[in-house]
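Taking the form predicted on its own, here's one chain by itself in structure tokens.
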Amino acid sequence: MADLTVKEFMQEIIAKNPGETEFHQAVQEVAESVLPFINKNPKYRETKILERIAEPERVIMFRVPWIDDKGEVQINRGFRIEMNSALGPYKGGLRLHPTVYLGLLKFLAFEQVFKNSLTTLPMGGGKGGSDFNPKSKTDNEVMKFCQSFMTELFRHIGPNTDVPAGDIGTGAREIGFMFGQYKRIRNEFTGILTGKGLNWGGSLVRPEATGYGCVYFTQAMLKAVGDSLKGKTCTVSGSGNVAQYTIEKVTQLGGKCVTLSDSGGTVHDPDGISEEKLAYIMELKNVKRGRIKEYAEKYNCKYFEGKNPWGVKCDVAFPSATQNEINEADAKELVKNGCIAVGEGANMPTTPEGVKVFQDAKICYGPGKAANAGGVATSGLEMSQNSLRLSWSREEVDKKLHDIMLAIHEQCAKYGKEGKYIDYVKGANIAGFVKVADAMLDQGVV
């Protein structure tokens, strides 16, 4: 059988999935790393494993009607992409955002398969959500939407089938409303969602997990080249959950974070975001749901309207906002300004052109499927605690998270080492692929 080229493979993917640009980007990024490996290992080629991984096992789309506070009927579209269950129940978040459409969720679900594989926990990959926008909605309107959403979704999920979690737009409030509706419909209290409240089945460290995990992974990358985060100036994008806890952990490890951003712009605080300032951000964003500009006004620092943080000089960058937020020009600016490491807290926040800049510069570059796997890893730990009907201490969960991130780094290094340089993109993709592919081979063509 002749070797399969990336071009041939992608032609088929694009033809079968027209218009789904984020999905095409995610599949191509994996194919470029994995296809040379597949061509050297005929068992994966002959059984068309990568083609099967790129095809969802199940795609669920449904309407979500709900009534707003004015008594008007609103209609949104709901989705659940059940991508791959070779390693365990489907696992992945529910995104509530106006940009949500089929192609975006397929990209996220595809990434999730590899990310979950890397955690070493028994989880398949999935993703879901809706084009509903929880911003500017009242608690009552969010509840009405969540109840309607779960009234359809409940029939497709279960603790041994599919266990969704939070994501952009889906926090503790939304998870609570969805869980309440599931319990009402099914008359059972079971671990069908993660990210739950601590007093009704949630896990300690879950809110912190993605940010903490990303910092642990970045620290491991720096350690591999004889360095650390101590004394490093770091830029962070976003100002939500991931960004907040990235800042907290970087500060604990002796680094200094100097930026935050939201859809309005970026703040630059050269003095660093201290514990006290971080507490203000958490209140501003999590409770008041305000804008990051207010931070600049309170602490008398610079605010760059409509700009991202990547022009600010730094040693380490943590893109923690959304996909494709670092383009080629941003990546070049970061490298020119002396950035030595990038840890991706968001999913696919760097464009392919930007990734190439980082790889050519041979800096430590941790792709999202490895660096931000801490969130889903701790979701997996929450699933374990729910199944066992017990709760681990904060220290126990944090240690397990730290160990998982180090194990992910080890797997990436194993498959990505090229002389003294570690290509973490190649390493993460091949390590994630091998585990899923071998499970699929064991289970036959199903």
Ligand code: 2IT
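Counting begins at 1, following the sequence as shown. Fair warning: this is a prediction, and the values are worked out from it, not measured in the lab.
There is another form of this protein, the form predicted in complex with (2Z)-2-iminopentanedioic acid, and it is not shown here; the text below is about that form.
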Q.
If contact means a heavy atom within 4.5 Å, which one of 182 to 190, 310 to 318, 350 to 358, 109 to 117 is the stretch that engages (2Z)-2-iminopentanedioic acid in the predicted bound form?
A. 109 to 117
Q | Any non-hydrogen atom of Lys232 within 4.5 angstroms of (2Z)-2-iminopentanedioic acid in the predicted bound form | A | no
Q: Using a 4.5 Å heavy atom cut-off, state whether Gly343 contacts (2Z)-2-iminopentanedioic acid in the predicted bound form.
A: no
Q. Is Arg206 close enough to (2Z)-2-iminopentanedioic acid in the predicted bound form to count, meaning some heavy atom within 4.5 Å?
A. yes
Q) Going by a heavy atom distance of 4.5 Å, is Thr194 a contact of (2Z)-2-iminopentanedioic acid in the predicted bound form? A) yes
**Q.** Of Gly166, Gly128, Pro367, Gly255, the one that lies within 4.5 Å of (2Z)-2-iminopentanedioic acid in the predicted bound form (heavy atoms)
**A.** Gly166
Q: Identify which of Met150, Val250, Val100, Val376 has a heavy atom within 4.5 Å of (2Z)-2-iminopentanedioic acid in the predicted bound form; exactly one of them does.
A: Val376
Q. So which residues in 305 to 336, when you check (2Z)-2-iminopentanedioic acid in the predicted bound form, have a heavy atom no farther than 4.5 Å from it?
A. none
